[in-house]
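Before any questions on binding or motion, here is one chain by itself as structure tokens, the form predicted alone.
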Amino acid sequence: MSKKVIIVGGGAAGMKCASTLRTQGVEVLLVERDRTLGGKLNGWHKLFPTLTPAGEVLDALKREVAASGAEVMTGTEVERIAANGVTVNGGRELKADAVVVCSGFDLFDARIKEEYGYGIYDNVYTTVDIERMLNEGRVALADGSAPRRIAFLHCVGSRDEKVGQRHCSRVCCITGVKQAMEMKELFPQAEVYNFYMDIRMFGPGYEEMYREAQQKYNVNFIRGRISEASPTFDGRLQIKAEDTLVGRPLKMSVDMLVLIVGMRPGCSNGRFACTEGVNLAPNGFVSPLNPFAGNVRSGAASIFYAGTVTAPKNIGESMNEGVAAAMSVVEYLNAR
């Protein structure tokens, strides 16, 4: 098949889409803005619910892309998309018979929620920071000591109308459970608390992991949001919250506060939506043609989607959509 497809974004969805298209004889150009493929996978430690090292999944995807012979262009930002190709930084136009948008999501900036003190007080971290520390093999407080009490706060930048983030990011709950278990493994004597609005364990193995966190690791779950955090005279953090199950206010001193940050629509979505047939949902993610039969298609026949560009998803779902998008592209090219 002498047809060419440009894939925008070299994360899990984009890499899987590229290697799948190559098995169908399609010429592929995979364009990634960073200097290396992998997207957010590069920053993750272990993946839920199996606790598989993220590096294993990433390496397997990279090997697939390399073996497929797909052309890869890194360090290149896609400025605009069109029915017949893309425009990259510098105004260079790249032509193709179809485009698959796999540009992913952005992480919520926890500094926006000033009441939690991220970037202001020591020992306030995000789940992204914890993943990095786990990868580096060194999780500790700012002074290098081990935490004795750790609090996780769910839904930071999700289901929050005050910051324009009304949607559920879906993977935050299980991320908080996974990291709470990892903290208990690192610091068996530490008390670990998860403050949540609702626990949403939607995936296979997620509910079991949630139960294991309580029964095996003794992680404490408190239904209620933390309203604020402030430093104490002895260098700890005091958090204020409400236990909504018993209807009582709560104060607690902790050594470490971990903010479980959600997914934001990708910053490129607005630019891409200038293209006819590419539309945004009210939450800012790109809207697929049809959520059932056309979840990887756009309103333009030659533009397709895969992964978290359309909504929050886990790694497995993103990879599956990469395959689905590739096969939809092949169907489209064969019909031309």
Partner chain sequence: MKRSSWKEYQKEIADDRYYYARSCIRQNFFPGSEAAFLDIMRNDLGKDVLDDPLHTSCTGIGYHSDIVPLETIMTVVARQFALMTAAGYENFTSSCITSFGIYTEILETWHEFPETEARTRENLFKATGREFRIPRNIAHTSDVIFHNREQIAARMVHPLMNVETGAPLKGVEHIGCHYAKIFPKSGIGGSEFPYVLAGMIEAWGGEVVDYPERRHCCGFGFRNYLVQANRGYSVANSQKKFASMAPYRPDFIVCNCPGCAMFLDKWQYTIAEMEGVTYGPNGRGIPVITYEEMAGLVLGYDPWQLGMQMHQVDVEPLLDKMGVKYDPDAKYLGNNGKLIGKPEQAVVNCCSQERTYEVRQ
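Positions refer to the first chain, counted from 1. None of the values given here were measured: they were computed from a predicted structure.
The form predicted in complex with the partner chain exists for this protein as well; it is not shown, and the discussion that follows is about that form.
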Practice prompt. Using heavy atoms only and a 4.5 Å cut-off, determine which of Arg132, Lys240, Arg159, Arg80 is in contact with the partner chain in the predicted complex.
Written response: Lys240
Worksheet item: Which residue among Glu93, Asp143, Glu115, Glu185 has a heavy atom within 4.5 angstroms of the partner chain in the predicted complex?
Response: Glu115
Worksheet item: Out of 231 to 239, 177 to 185, 82 to 90, 132 to 140, where are the residues with a heavy atom within 4.5 Å of the partner chain in the predicted complex?
Response: 231 to 239
Discussion item. Although the partner isn't part of this model, could you tell me whether Pro204 comes within 4.5 Å of the partner chain in the predicted complex, counting any heavy atom of the residue?
Written reply: no
Worksheet item: Contact between Asp122 and the partner chain in the predicted complex at 4.5 Å, heavy atoms?
Response: yes
